[in-house]
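As structure tokens, the next two blocks hold two forms of the same chain, structure 1 and structure 2.
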Structure 1
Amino acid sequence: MSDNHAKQTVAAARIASELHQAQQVARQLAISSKNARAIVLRAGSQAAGLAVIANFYDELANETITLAKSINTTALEISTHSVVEWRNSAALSNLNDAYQLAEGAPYKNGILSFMSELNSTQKSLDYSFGQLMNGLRNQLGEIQQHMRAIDVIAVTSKLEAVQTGEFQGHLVEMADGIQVMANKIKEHVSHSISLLGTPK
């Protein structure tokens, strides 16, 4: 396993931890979106425009929870993959040592055949490792987009809340709370992306 892969595997484990915390915040976000929907229902026709917005909150929060779970699965796959890669790399290194020591041995070339097979496996493992890391980056990017969308929706809902009379205060307070939660999730995701570093 290369040093770069080892670092990325450690980063994936730390990202899983960051996203576990983000998942907890997303659960609170989902609860807040349900509360927002309840207030919208109580406000009736005054808050008709907010009904769709409350549904968006809920949808994005649930998708974020699903993505965070999926990232944990990806992090586990990266960890498992790294162990396989490390074993393959160690076997290749040992065969190389054996080949160097087998000067004049009649079956020396048989070692080359095994080495060739392991080299081929190593290339395949490198490729799939890259695919897993790209998948992880995409999943993190998707969560970031969700949080940006929630931020925009929160601003819109505060504007819409003006028309809800007595419910305005509750709805604005709720939108502020939702923005705070979205920002917390964004911080976890930004930190996770920084852990991944620049793609190689």
Structure 2
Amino acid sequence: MSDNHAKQTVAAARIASELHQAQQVARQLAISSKNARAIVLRAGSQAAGLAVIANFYDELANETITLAKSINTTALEISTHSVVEWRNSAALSNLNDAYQLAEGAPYKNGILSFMSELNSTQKSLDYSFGQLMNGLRNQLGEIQQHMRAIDVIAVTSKLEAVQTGEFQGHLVEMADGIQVMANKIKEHVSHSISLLGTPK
């Protein structure tokens, strides 16, 4: 992994930026879901079935915002962690070079304890890095699931909207808008996942 540190640091920072944009879209999504709820209230008994759906929108949009915030934090942690690991591995590599160069130097074994300490720090950093990356993958997967759910709900709500008479056009338009936003978020998440590369 050590040769990849710069790429990982940059990838994590780019994911943070992708998710920041996804968060903006999720905010719009939350507003749209509130609008949907208002229309459903106005439609009254004709749109009773849609009330539950509007609540779902709202819930998923808010959860997406929370998740996006938390992914931002995780991505930042990964970036910082990656830099620490990078420095540690640079120190280790330099000590290895020094040890080779110091052939015949009477005090060269004095750096062995530092090399061993850096080695074990490296192992523990590798482990915690893996954990952070898995956490990030899971969080991104969760957002993707939310977006799939929103997509399904949008299709269902378009079918339900048929029963709302004069509100049908409005509700269908809104569901279409919600689908567009969900797709945007999905794109940001897919891009983020592709930046993570293949899990090891």
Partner chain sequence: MQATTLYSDKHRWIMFGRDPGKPEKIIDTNQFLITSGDQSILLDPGGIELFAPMLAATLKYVPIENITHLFASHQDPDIISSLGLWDQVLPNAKLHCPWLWEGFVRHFGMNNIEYAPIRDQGETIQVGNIDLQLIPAHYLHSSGNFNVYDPVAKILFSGDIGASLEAPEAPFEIERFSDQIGKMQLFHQRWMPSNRAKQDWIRRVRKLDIEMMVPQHGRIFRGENVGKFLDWFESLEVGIALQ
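By convention here, residues take numbers in order along the sequence of structure 1, the first being 1. Given the structure is predicted, the values throughout are model-derived calculations rather than measurements. Here, rigid core means the biggest group of C-alpha atoms that superpose within 1.5 Å across both forms.
Legend entry - Number of the structure representing the form predicted in complex with the partner chain: Only structure 2 fits here, because that chain is the form predicted in complex with the partner chain.
Inset, instruction - Compare the position of the CA of Thr73 between structure 1 and structure 2 after a rigid core fit and state whether the shift reaches 2 Å. - result: No.
Inset, instruction - Using a superposition on the rigid core, decide whether the Cα position of Gln122 changes by 2 angstroms or more between structure 1 and structure 2. - result: No: Gln122 shifts by under 2 Å between structure 1 and structure 2.
Legend entry - Value in Å for the CA shift of Gln100 between structure 1 and structure 2, taken after the core is superposed: The alpha-carbon displacement, core-superposed, is 3.4 Å.
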